[in-house]
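Just the one chain here, laid out as structure tokens, in the form predicted on its own.
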């Protein structure tokens, strides 16, 4: 059994070994430090000419990497904290994601920008946010978020093989989560789906940006669909087990690894059976990913949708104080409480 962090680190080693055009750029990446969260550990030792440590300039980093991608390389940029993606928003939204259209499909930008998001570490308002919702809906930009199921490293490797820009969101607490084996999921039925029919050329379409569906093994039909991604999917899995054993409330959990371009079909397939949906995210509530989930389900099912709800962080800055931070961000108890009110 391995952790999400080890899986991502192995994926970077494998990608750089397989393709001399893969470069890693970011702050404090060189060994022995290996990056703030150690995803880059060992890479500068193994590939000293292709791990480029940089000044603190996220806009410069992503702009440089976009140019490298235009010239045929496959750069991977590490933004030390996802909060600072805002500094590279112009390069991502107005440049890397648009070049293919601006130049009549004569250029491609095989760029991956990966970054840790999320709180629960006491890092305060500017190092604890989940800002990915601000990049969703950008034409030309794929947004992926690994979870602790399947092979998170494979998701990253395939992102690196993509010929268009990818934003790869890694939750901080997800790094140390161990990837469960079949034995660990003995109480659950796991189904792996591939909602994206436009997998990158040469890739296995069955494993590219998968969606996972979990239900209690041998349980009665679920009465509620939980939808989540990243670390919130880990917490939702804990909640669904507790709801089943302690409250006899049976749910189905849909986990998406592709946040954009948006796909709703795996969620619809579940909600058509349960009639109820609870969308769960760590970002702030207003104008979020969960709102899009609920809106699309409602538009598709109309009166067949019996209940819908969103669970997210408060519309507030995230405090550095541990108890206050815990009050701001949704947790397993909050998922259980919300689910109880819906069934």
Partner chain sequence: MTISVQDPSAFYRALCRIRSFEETVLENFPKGVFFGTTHTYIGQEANAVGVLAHCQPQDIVFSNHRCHGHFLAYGGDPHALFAELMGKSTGVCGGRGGSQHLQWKNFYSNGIQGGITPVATGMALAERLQGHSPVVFTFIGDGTLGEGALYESLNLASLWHAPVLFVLENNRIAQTTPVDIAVAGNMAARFSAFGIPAQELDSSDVLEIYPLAGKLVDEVRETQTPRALILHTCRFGPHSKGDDTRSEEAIERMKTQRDPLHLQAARVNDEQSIQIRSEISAEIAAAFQAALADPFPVIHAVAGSSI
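Numbering follows the first chain given and starts at 1. As the structure is a prediction and not an experimental result, all values here were calculated from the model.
Separately, the form predicted in complex with its partner chain exists; it is not shown, and the next lines address it.
Undergrad: Only one of 168-176, 181-189, 103-111, 234-242 has heavy atoms within 4.5 Å of its partner chain in the predicted complex; I'd like to know which.
TA: Looking at the other structure, the answer is 103-111.
Undergrad: With its partner chain left out of view, which of 142, 215, 127, 223 would have a heavy atom within 4.5 Å of it in the predicted complex?
TA: Partner contact (heavy atom, 4.5 Å) among the options: 127.
Undergrad: Answer with one of 258, 270, 115, 91: the residue that has a non-hydrogen atom within 4.5 Å of its partner chain in the predicted complex.
TA: None of the other options qualify; the answer is 91.
Undergrad: For the three residues 55, 63 and 309, which mark the spot I'm curious about, does each lie within 4.5 Å of its partner chain in the predicted complex through at least one heavy atom?
TA: Verified in the predicted complex; spot residues all in contact, yes.
Undergrad: Answer for residue 80 alone: is it within 4.5 Å of its partner chain in the predicted complex, judged on heavy atom distances?
TA: Yes, contact at 4.5 Å.
Undergrad: Residue 324 near its partner chain in the predicted complex, any heavy atom under 4.5 Å?
TA: Heavy-atom contact with its partner chain at 4.5 Å: present for residue 324.
Undergrad: Hey, in the predicted complex, does residue 45 get a heavy atom within 4.5 angstroms of its partner chain?
TA: The answer is no: residue 45 has no heavy atom within 4.5 Å of its partner chain.
Undergrad: Decide whether residue 95 counts as a contact residue for its partner chain in the predicted complex under a heavy atom distance cut-off of 4.5 Å.
TA: Heavy-atom contact with its partner chain at 4.5 Å: present for residue 95.
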